[in-house]
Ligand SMILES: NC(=O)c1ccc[n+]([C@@H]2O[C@H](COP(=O)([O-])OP(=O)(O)OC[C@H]3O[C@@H](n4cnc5c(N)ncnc54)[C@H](O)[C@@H]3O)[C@@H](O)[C@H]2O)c1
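A single chain comes next, written as structure tokens; it is the form predicted alone.
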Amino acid sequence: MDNWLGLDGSRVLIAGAGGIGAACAAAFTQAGARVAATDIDRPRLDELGQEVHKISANVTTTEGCEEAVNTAAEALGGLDIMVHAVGINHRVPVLDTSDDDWQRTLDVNLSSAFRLGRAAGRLMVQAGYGRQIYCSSVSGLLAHPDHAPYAATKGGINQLMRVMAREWAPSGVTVNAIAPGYVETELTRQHLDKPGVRGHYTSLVPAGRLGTVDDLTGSVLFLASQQAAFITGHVLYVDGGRTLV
């Protein structure tokens, strides 16, 4: 399987050391890749395996993004793959959403994607090879209530990565996104634990269950692999059929 993917020795930066990012770091390491991870939360980084090179950085700033990318490239001897798994959600109606909550969600979810992608893209375009994968969401397509800033950022990521894909395709760089459905992570667990919420969301998924972070890593590894060399600008829905209903 690992040889089929062709990821052995690949140099990977994972942005976000939480549930999805941590799972991706483990999956890439198992596939034989050399992995660096960046997060502002040092204790969260320290929970990753010893094989992972850990970079403390604030990816809501241009300086933090460039530091993370350049440090990873220096530590790994280059950069082949970048996975963006950074995100927050503030579940309130539009009329109750403050300017601060709106701006923070944009900074963390969307601006970090632009700044990290731009910094990694410079290296990849120059090298003539690269893979970028972004964590979008079914919220970028569906109109969930109480999700306005989050949904806006995920829709923004979908279009951002399409433009990156269009601009960088001649240089051998592919840019894609996965769009998870209802997945239990640190970001969603507190909300899912509210009375009736987990059952309600499960009832909306044709597969009859919520997703796990391990349901997502195969899609990320595939999009990062040599097998996906002719796939770019694509949003891959990993949602148990949620977007079908």
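This is a predicted model, so every value here is computed, not measured. Residue numbers here begin at 1 and follow the sequence given.
Keep in mind that the form predicted in complex with the ligand is not shown, yet the notes after this line are about it.
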item: Partner contact for residue 57 in the model of the complex: the ligand, 4.5 angstroms, heavy atom; value: yes
item: Contact flag, residue 44 vs the ligand in the model of the complex, heavy atom cut 4.5 Å; value: yes
item: In the model of the complex, residue 233 touching the ligand (heavy atom, 4.5 Å); value: no
item: Touches the ligand in the model of the complex: residue 117 (any heavy atom, 4.5 Å); value: no
item: Stretch in contact in the model of the complex with the ligand, which is absent here, among 79 to 87, 120 to 128, 92 to 100, 165 to 173 (heavy atoms within 4.5 Å); value: 79 to 87
item: Residues of stretch 18 to 38 in contact with the ligand in the model of the complex (4.5 Å, non-hydrogen atom); value: 18, 19, 20, 21
